[in-house]
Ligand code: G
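Given as structure tokens, the chain that follows is alone and in the form predicted on its own.
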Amino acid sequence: MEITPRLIEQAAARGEMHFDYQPKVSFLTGEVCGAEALLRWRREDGSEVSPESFVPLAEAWGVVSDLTEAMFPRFLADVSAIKTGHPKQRIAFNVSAHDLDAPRFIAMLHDAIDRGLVAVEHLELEVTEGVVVSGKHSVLGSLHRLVAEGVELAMDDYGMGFSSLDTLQRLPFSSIKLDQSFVLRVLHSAKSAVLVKLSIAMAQMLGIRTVVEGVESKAIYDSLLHSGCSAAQGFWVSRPLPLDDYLAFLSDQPRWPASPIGLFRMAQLAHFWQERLLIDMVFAALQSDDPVTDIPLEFHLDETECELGKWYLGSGREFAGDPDFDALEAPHRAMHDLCAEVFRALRTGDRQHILSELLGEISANSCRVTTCLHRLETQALIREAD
């Protein structure tokens, strides 16, 4: 069969195209936390047309936006069916640069949100990193406007060629999806394992969640269980499922191994890195003749705004009542109070107060925070090994 733009449009109009849903599993809870909608083409005779056979062609021919607009109502109907019995599911919809630059699709998306056809907490848009690195200003503008409205964005295929720290810093992604080409090698390549875990740590320090694709065995899943990654997706979890099968899958309430250890490690990392950034900034300021007038944005004087504070007030609350968890609050708050005092001293030029008192107190409280987090991690490891 020769695929043509007209054939693709006819297939969508005849209802030959549908979405399969590939589940994502939370490393923290072991439960299905959402899915990715994947476009499929089943011809009237029952034969399947591979997505690799028609999606790139639709992109090249410039008809992908027409295809997206034709299928978006089907996606909305599927999401409505999913949220009826499973309201916590977040479903990802793949979009291209053409879609984000197409006024009709953006209008359809805004209309669906405004009319309550889909809630932002049930929706995630997945875009390839190539789109955002080489995209037009109009595309980037669409991304920022959608985020302002509460839509979450995921960078798909992270690590496939355009990745950069600048991309993650300047664009409003809530999560990145580590490409399966990295993930599939973690058991056989020390370098790949390091790259995957460094990417997870880097994203965490930027407040970005990570999803690993290509989890095709229990060994790969287990190797990433304590990494701090948010979720897993791959054939070992589940192959993509038609809507009815996905709903049945959710109703069975399957479970996978889960662990809080990755969160403890990421909390320790975020805390350590923030403290190092502070120390480096202070010493740079002390060596400068210019007065300090502004606090850099990466330093949150409110203890609820740093990554450790967000964890403590968010997912970490399940450990409330544990003496080590409860003991975190006082030294963590003290560090933020001391940080504010450091900036006041920098403004007034009180160098001696910073060096003789404040930095020592910050270090002492930092050690208390680290000790509590390390104990929590050790206790969790013992429970899992028991």
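Numbers follow the displayed sequence, beginning with 1. Source: prediction; values computed, not measured.
In what follows, reference is made to the form predicted in complex with the named molecule, a form of this protein that is not presented.
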task = Check each of Leu355, Ala340, Ala70, Leu38 and return the one that places a heavy atom within 4.5 angstroms of the named molecule in the model of the complex.
result = Leu38
remark   = Among Glu152, Asp78, Glu213, Glu307, just one has a heavy atom within 4.5 Å of the named molecule in the model of the complex, namely Glu213
ask   = Can any non-hydrogen atom of Gln180 be found within 4.5 angstroms of the named molecule in the model of the complex?
value = yes
4.5 Å heavy atom contact, Gly207 and the named molecule in the model of the complex = no
The named molecule contact at Gly262 in the model of the complex, heavy atom, 4.5 Å = no
inquiry  = If we define contact as a non-hydrogen atom of the residue within 4.5 angstroms of the partner, is Pro240 a contact of the named molecule in the model of the complex?
reply    = yes
query = For the spot marked by Gly228, Glu318 and Glu377, is every residue within 4.5 Å of the named molecule in the model of the complex through some heavy atom?
reply = no
remark   = Partner contact check in the model of the complex: of 250-258, 214-222, 186-194, 272-280, the stretch with a heavy atom within 4.5 Å of the named molecule is 214-222
key: Residues of stretch 227-262 in contact with the named molecule in the model of the complex (4.5 Å, non-hydrogen atom)   = Gly234, Phe235, Pro240
